[in-house]
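Next up: a single chain in structure tokens, the form predicted on its own.
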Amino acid sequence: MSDSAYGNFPKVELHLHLEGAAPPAFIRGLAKEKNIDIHRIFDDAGNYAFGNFTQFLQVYEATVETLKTPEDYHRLTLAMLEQSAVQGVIYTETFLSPDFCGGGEVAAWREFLQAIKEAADIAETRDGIIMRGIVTAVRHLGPDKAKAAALCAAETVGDWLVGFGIGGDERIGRLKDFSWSFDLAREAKLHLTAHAGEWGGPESVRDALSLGVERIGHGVRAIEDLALVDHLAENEIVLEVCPGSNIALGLYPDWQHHPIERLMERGVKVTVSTDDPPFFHTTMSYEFERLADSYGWDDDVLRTLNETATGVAFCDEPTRARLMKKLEQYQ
């Protein structure tokens, strides 16, 4: 994988799972420190090993078993942000789950969040990368767990903790069952996003819209319903598209068949992210490189992706202005 072509190109990433960004070597090191046997989740080359989406979720949750303390998450955040900065990422919004960070208890969540934020402050000073957090409920854990996550989010909302969303297995449960959590987050003035339109199809995107979200995580299968696509365009609902993830998990056979270009041509606002980069053998630089190679996109198109992402980021306006200035300086 070559990152050279777009390594220095400034990038804004809006869809990144913190645990999913953990380098395999980092997780193996933690497991060794704690005497946890998770050798089964790695292949012979030391990479994460899974064959489908269900297995991916199982491997993901196995990595979480090594992350026990706020200090573990502090170290993970530093490692993740260092790798993102190397890829030219200047701003990242990262999904954080209170289910993994303190078991959904507000007091414990505050300790984990403080450790993550302290690491983010260090990385911003060291590497210039800005991080903001989005609390994410885990769909397949059910609505009650989501309520606890929403309460954690509402108690810690601010300039750094800026959003609330839901991830996990789209094939389980109904999004309307999570409306209480989204209502609470909205009342707390958190921005809203939701994973949909990946495994659930276009109908799951419609379900997510009923929650009043501003952005959709993935959302690419909206392309199967052109009336829905036009609705997204007209209402400026933004898709957090992760092409490399979709292809690695078999949603599409290759880059040429991915619908990102068709969505853009119909006026949908899209951004590009890596989702869980070491799991899917990708980086932000690689995503940009493959988009340029697959669709003939020049730097102006790629700049538009970053400008779109900056415009819809959940950060405050002073931070947005700083990001736009950085993007303009590169032109």
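Quick caveat: nothing in here was measured; it's all calculated off a predicted structure. The first residue of the shown sequence is 1; numbering continues from there.
Omitted here: the form predicted in complex with a small molecule. The next part is about that form.
Using a 4.5 angstroms heavy atom cutoff to the small molecule in the predicted bound form, all of H17, H195 and D275 count as contacting. Screening T77, T94, S245, S204 for any heavy atom within 4.5 Å of the small molecule in the predicted bound form leaves a single hit, S245. Only one of G104, G168, P259, G88 comes within 4.5 Å of the small molecule in the predicted bound form through a heavy atom, and that residue is G168.
The small molecule is not shown here, but in the predicted bound form it comes within 4.5 Å of a heavy atom of F53. The small molecule in the predicted bound form is approached by Y60, whose closest heavy atom lies within 4.5 angstroms of it. Although the partner is absent here, L249 is a contact residue: one of its heavy atoms lies within 4.5 angstroms of the small molecule in the predicted bound form. Looking at 113-121, 230-238, 79-87, 160-168, the stretch with residues near the small molecule in the predicted bound form, meaning non-hydrogen atoms within 4.5 angstroms, turns out to be 160-168.
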